[in-house]
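Okay, so here's just one chain, in structure tokens, the form predicted on its own.
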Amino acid sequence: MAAEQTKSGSTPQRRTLTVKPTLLGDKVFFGITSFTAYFSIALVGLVLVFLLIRAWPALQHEGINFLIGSTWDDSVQPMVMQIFPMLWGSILLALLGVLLAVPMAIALAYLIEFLAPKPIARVATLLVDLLAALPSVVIGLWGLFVFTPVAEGWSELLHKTLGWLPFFANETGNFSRSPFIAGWIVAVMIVPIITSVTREIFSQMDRDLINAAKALGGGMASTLTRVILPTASGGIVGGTLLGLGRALGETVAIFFVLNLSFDINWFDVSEARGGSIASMILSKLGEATDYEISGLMAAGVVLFVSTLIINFIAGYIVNRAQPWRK
């Protein structure tokens, strides 16, 4: 029959695939997972609505100055609440963290997928996943008591050798609790996220392509820079954006290692001043008045929306970089 249809030039009818579950167990599982997915989306929307309701008095009073102003003064009535120094501080810390974390994450993913023997690769993967599971307070305490003395030495060395650059200049002589130290702490926290996404992209690459590059005389470094990274660049960018979203919302660890100051610290990463929206909310929420809580909720809205946008962009890029998922 199929041969007759082919000879006559007619196209065989395409079969309709069944996409919905037919068995009872499959239907139950499909219903539970669908409900969970939709409930998660609804929960995010409800959180955003709650924040907007609580933040509305401050947003209505401050207007656009809430984002572009640099004053937080509770000595006047009604108090002035403007978060630009904290907003810029969040961006600066996130960029520092990403700048430090991306090379480490790529190196880890390359080691696990292409260089290390299988037993060592499994141990390295386990350690990276364990680092992702550590609570922020543990990393913050480690950063305060263990890493800060080491990072102060690094910062002072950079000041002595590269102090003519504004990034590493330090006029106060105080190298503790600076954005430089906080940036390293953020990098430690986002390395597992970027490593996991990068490792997933590396594991799905065509090994014949990599073997062909090595057969043509390419070494490990040239294969990485000229074959692997260009092929996996989209996924790496997506993983980096996911890490950036985590870095923007980091709270407790930054609170331990960074001074909270409403003086805008543009690029002086070695100076002991700065801040972030999340750490500001943590430091002020306990003693805040009702109206100040409204301002803190408004700051949370800014952080929440920024993180959502970055995560959506990251998810889109990762999916585009992995056509086998379609």
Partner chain sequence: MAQVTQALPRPKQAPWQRRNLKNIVLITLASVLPSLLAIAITVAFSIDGAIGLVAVFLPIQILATVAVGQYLYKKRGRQDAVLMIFTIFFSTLVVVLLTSVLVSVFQRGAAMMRLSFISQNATYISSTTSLDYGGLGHAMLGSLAIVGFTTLVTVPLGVGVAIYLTESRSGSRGIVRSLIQSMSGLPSVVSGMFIYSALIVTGVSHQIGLTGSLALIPLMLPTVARVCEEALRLVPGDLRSAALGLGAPSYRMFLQVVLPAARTGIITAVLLGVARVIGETAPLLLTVNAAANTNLNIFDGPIETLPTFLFRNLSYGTDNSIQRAWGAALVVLFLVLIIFTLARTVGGDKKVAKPKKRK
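Only a predicted model underlies this, so the values are computations on that prediction, with no experimental measurement involved. Residue numbers count along the first chain shown, from 1.
Below, we refer to the form predicted together with the partner chain, which is not included among the displayed structures.
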Three residues, 70, 79 and 92; all within 4.5 Å of the partner chain in the model of the complex via heavy atoms?
no
Note: the partner chain not shown here; in the model of the complex, the stretch from 164-172, 232-240, 81-89, 184-192 having heavy atoms within 4.5 Å of it is 184-192
Is residue 117 part of the interface with the partner chain in the model of the complex - any heavy atom within 4.5 Å?
no
Give a yes/no on whether residue 148 approaches the partner chain to within 4.5 Å in the model of the complex, heavy atoms considered.
no
Exercise. Considering only heavy atoms, tell me if residue 38 and the partner chain come within 4.5 Å of each other in the model of the complex.
Key: yes
- Contact flag, residue 177 vs the partner chain in the model of the complex, heavy atom cut 4.5 Å: no
When the partner chain is considered in the model of the complex, the residues of 239-267 having a heavy atom within 4.5 Å of it are 246, 249, 251, 252, 255, 256
